[in-house]
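As structure tokens, one chain now follows by itself in the form predicted on its own.
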Amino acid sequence: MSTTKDQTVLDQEEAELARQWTGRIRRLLVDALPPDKLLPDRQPSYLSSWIYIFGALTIGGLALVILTGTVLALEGPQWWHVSSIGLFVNSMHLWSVEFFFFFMVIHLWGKFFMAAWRGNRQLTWMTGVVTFFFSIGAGFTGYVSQTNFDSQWIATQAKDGINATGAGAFVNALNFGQMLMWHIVLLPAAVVALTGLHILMVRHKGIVTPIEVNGTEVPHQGTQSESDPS
């Protein structure tokens, strides 16, 4: 009898906890992204194609951009002008940005020609496009934060163009402090947040399959381990 009462009390407590907003959010997240979908051990064999690799390479480039940018931020925006190590880190930052955009553009166009929005993946596609535009803004503000003649020239040329769009009331390319803060805080935060959202949406909807050939869907041909690209 006591066991039945204890079980009833536990059931009532669980029902009460389930009505709380934290419990509802937890259930929604677990239903949308169960652990085996969030961190899968195996993937379809068609992922061995190189066109599926450029998304991961883009994330790798972004990680290197953040790492080298953090070092530059710790030492200050003018450190690389007077230090050989700073010049090396600044060069690493530059080339990581170049590779980041290179891989991102290939990923963007590859998914465009694969019609990656198929299967109700329109929002996944749009988060990638919006991330690309935010990245352009981050790259621009980085160019005008170099504290050299190049940055002064770029800023003065950009000022007229920005003013012509009407955005000059909010974005002043000649304001070094504003451009630096946009470059190291606001825009990177937006890019990282959108990238994280993009990855979660890819995990939720799954990776898009190859385009059907003559109306026949390309078979999965089994699965492969994520650690074995062959």
Partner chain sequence: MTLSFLAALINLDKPGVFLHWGVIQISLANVIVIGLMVAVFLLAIFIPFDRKSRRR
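Residue numbers count along the first chain shown, from 1. Worth saying up front: this structure is predicted, and the values here are computed from it rather than measured.
Form predicted in complex with its partner chain: not shown, discussed below.
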query: Can any non-hydrogen atom of residue 102 be found within 4.5 angstroms of its partner chain in the model of the complex?
result: yes
- request: With heavy atoms only and a cut-off of 4.5 Å, decide whether residue 85 touches its partner chain in the model of the complex.
  value: yes
- prompt: Should residue 186 be classed as touching its partner chain in the model of the complex when contacts are defined as heavy atoms within 4.5 Å?
  reply: no
query: Is there a heavy atom of residue 195 lying 4.5 Å or less from a heavy atom of its partner chain in the model of the complex?
result: no
Neighbours of its partner chain in the model of the complex among 106 to 121 [non-hydrogen atom within 4.5 angstroms]: 106, 109, 110, 113
